[in-house]
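As a starting point, one isolated chain is supplied in structure tokens, in the form predicted on its own.
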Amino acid sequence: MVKPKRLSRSCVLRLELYLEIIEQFQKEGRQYVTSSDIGSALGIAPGNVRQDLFGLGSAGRPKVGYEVTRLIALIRDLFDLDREKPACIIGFGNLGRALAGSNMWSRGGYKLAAIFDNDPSIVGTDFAGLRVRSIAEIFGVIKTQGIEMAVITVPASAAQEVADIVQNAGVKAIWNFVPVRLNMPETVAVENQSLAWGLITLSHRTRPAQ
């Protein structure tokens, strides 16, 4: 199977959309789907869909299209979604709790394995079967449990220090919800996510014309 070594961000985002819509087609009982079907559902040109899927090693069959089951398997394999990867949350305030209680983990191929905070009133409490641990335990827990991804929701002043700890402990990825840019080596994948930035973008896009 041919796989690109590195996909552009735009291609990754499109493939995420493809997976979602193709899985929906599967639920509807469809065995084959065409690039036009996918493109029409998502507002993407069929030619672009074909190019993206060809990069996965799937050319489709003339007048038939792509086998749904195989296409889903190819995309899930590309994104490593069928390997359950342990993750942790550092910072268990309102946002941390909301993320911990979400059903997103298995969808992304992860399992929440540890939670950390520095508030004495929170440390030692239980959440969904997990004991909230002290931030002082981060390094050892990541090492012993083989945690691969850390979600950071701490105050901005502590974000880089926490990122350095998890990086030194061996995490491969950081999902950063703090509105600061983290200085990390290229060996650590960082995805920055800011609810405030999203709101600012929406505010700009809906600004009345002058």
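What you see is a predicted model; the values in this text were computed from it and never measured. One rule holds for the numbers: they count along the sequence shown, beginning at 1.
Beyond the structure shown, there is the form predicted together with the DNA, which is absent from this document and is the topic of what follows.
- Q51 is the sole member of Q51, N168, Q145, S40 with a non-hydrogen atom lying within 4.5 angstroms of the DNA in the predicted complex.
- With the partner omitted from this view, the residue of T187, T201, S10, Q24 that lies near the DNA in the predicted complex is S10 [heavy atom within 4.5 Å].
- Among residues of the shown chain, A156 is not one whose heavy atoms approach the DNA to within 4.5 Å in the predicted complex.
- At a distance threshold of 4.5 angstroms between non-hydrogen atoms, G29 is out of contact with the DNA in the predicted complex.
- When the DNA is considered in the predicted complex, T69 lies well away from it, no heavy atom lying within 4.5 Å.
- By the criterion of a heavy atom within 4.5 Å, I174 is excluded from the residues contacting the DNA in the predicted complex.
- Proximity to the DNA in the predicted complex, taken as heavy atoms within 4.5 Å, picks out 54-62 from the listed stretches 137-145, 157-165, 175-183, 54-62.
- Residues S8, S10, R14, V33, T34, S35 of 6-37 are found to place at least one heavy atom within 4.5 Å of the DNA in the predicted complex.
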